[in-house]
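Quick setup: one chain, the form predicted on its own, written in structure tokens, and binding and motion questions come after.
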């Protein structure tokens, strides 16, 4: 098990997210055709290395600090690569471009806290879930805590996420959309938004970091999170599922989870 890596970290598509790209729906993404074919597990094994993509801006799951990637999903992906007997190479990209890059065969799989949704399933295949979570409301003390409380309020949320999708379903709520989740968090703490909606475990860390200034309210929804693989690449999905099952069974998953969260966040 490794806690961080500096091995072969590159940045795809620059460091600035183009918000307009969020207008490309996942149903349209599913129609994209790549000339090249995704590497099968047999080709990856023969090469001896697997290319993994993540965002690098979603603590505590994946964080890029300088050239060092860390976080629960980074640790877990490296553990899975070890179980598969291959080396790994990391690529980072803005969240709303990760599945597009997968379609274009820039990497073999994505691990970046993608919730499994019907729309995403039209575009990519998912592994078994590697954790279960939900979209939590976080606000300043005395602020909105429930979905009803959000009516008439400004809510900070990250582009291209299930959090934004669910906030937009709420009547009378204005979404303040940011390219990175950390930017959305800053909008809350600086008063530009009345609430932030994001991953419940990220919310727990955010509340702890603000030392009594913030509170976490109810979950707007629950979801299962999984690794994304190019549509039809069943051989790789099978191998990832097998490696994940081993990690869940042999205690390595629990150790990584407890190190980051103080609890086991596997789906129960």
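Here the structure is a predicted model, which means the values were calculated and not measured. Positions refer to the first chain, counted from 1.
The form predicted in complex with a small molecule is left out here; the points below concern that form.
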Work out which of the listed stretches, 75 to 83, 101 to 109, 186 to 194, 155 to 163, brings a heavy atom within 4.5 angstroms of the small molecule in the predicted complex.
155 to 163
Is residue 144 part of the interface with the small molecule in the predicted complex - any heavy atom within 4.5 Å?
no
Close approach of residue 201 to the small molecule in the predicted complex, 4.5 Å, heavy atom:
no
Examine residue 58 and determine whether its closest non-hydrogen atom to the small molecule in the predicted complex is within 4.5 angstroms.
yes
Answer for residue 115 alone: is it within 4.5 Å of the small molecule in the predicted complex, judged on heavy atom distances?
yes
For the three residues 90, 125 and 239, which mark the spot I'm curious about, does each lie within 4.5 Å of the small molecule in the predicted complex through at least one heavy atom?
no
